[in-house]
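There is one chain below, alone, in structure tokens, taken in the form predicted on its own.
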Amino acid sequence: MIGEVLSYLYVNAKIMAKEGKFISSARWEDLWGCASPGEVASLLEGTDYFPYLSEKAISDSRELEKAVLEEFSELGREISTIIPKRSWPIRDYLLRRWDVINLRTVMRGIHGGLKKEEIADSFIEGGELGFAFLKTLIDAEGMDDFVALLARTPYQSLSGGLAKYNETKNLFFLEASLDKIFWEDLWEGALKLRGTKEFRDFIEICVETHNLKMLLRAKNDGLRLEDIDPFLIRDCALLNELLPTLDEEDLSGLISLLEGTVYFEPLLSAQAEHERTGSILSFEEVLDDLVVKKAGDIRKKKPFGPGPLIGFLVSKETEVKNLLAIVRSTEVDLNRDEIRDVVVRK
């Protein structure tokens, strides 16, 4: 116990200092009203994002978005060098997310027929796959070639989503496979290692929400279990409880099966919005909120170990997501209230 507290003293002191530069509530009020990248950039002065802004970022939303992500990536690399060695699953969480982001960039570029230079310019340094390897991927002659090039990497099982992609030309199936690989590998690592209970609890809710998003989408789109089985993380107690009667239930029935879990009330409250719009986005938003809440609870219960780090990382990721939503909103004609709806404020 004492050893764990001491091993996280420096880490927690470091992140407390960084939390002091989180975007304040008053500044969010101003950011919501921004109509151009330049307005957003000017309001980032005094934050950790400001040193990453180039002249191009003032007039180009894509450059501004990249600057925000570069700051986030650099932060992850910095923290990965100071966390205790036995906390390697947290290190994997910090670094491998950038492999996922870069691979998603390549997939979307190939799918959308973007030029190789455009794809390469969007890469963010920070993952375990080097830039040299990533650049070989953009030479792929289509998605089959891209997936083949990932042989002998942790992402070789992307081939599981390739058949569905080729059948439907829907990129969702490949992206779902990529997310599964990321969370499944972290979950397996957290289960094997002692002394990371808090991080294991956090990854568990991430695994559960991943599975629930897949199940809700399947019910919404009229898919059966066999259609989404390749994208589910099987080593999950909650999923195993739902599987026996899953094909017999509609979307409302699936939510009813969750009674007695932390997911039931939030998903039930989101049902009206789903019925109004037909979109599962309302369900995904409440599931994401539960992940944030879990990180906050862990922070309160474990204030001297890895709790503050887990809470900080999720809060930082939420800030980045909200900031990117505002940056992207400058590309379209949205009023202030509409931007508020885009940003999930935490």
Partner chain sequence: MELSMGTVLAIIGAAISMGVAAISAGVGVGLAGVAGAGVISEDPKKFGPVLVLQALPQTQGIYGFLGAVLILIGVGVLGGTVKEIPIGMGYAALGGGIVIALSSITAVAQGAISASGMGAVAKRPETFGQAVVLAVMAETFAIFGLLIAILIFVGTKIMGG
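No experiment lies behind these values; they were computed from the predicted model shown. Residue numbers count along the first chain shown, from 1.
The form predicted in complex with its partner chain is left out here; the points below concern that form.
Tell me, out of E275, E167, E78, D235, which residue has a non-hydrogen atom within 4.5 angstroms of its partner chain in the model of the complex. Looking at the other structure, the residue within range turns out to be E78.
Hey, of 62-70, 297-305, 278-286, 25-33, which bit sits against its partner chain in the model of the complex at 4.5 Å between non-hydrogen atoms? Going by heavy atoms within 4.5 Å, the stretch is 297-305.
Is the gap between K18 and its partner chain in the model of the complex 4.5 Å or less for some heavy atom pair? Because a heavy atom of K18 falls inside 4.5 Å of its partner chain in the model of the complex, the answer is yes.
May I ask you to state whether R328 is within 4.5 Å of its partner chain in the model of the complex, using heavy atom distances? Result no; R328 lies far from its partner chain in the model of the complex.
Look up in the model of the complex whether A13 has a non-hydrogen atom within 4.5 angstroms of its partner chain, and give yes or no. So A13 counts as contacting its partner chain.
Is there any non-hydrogen atom of L9 lying within 4.5 Å of its partner chain in the model of the complex? Yes, L9 is a contact residue.
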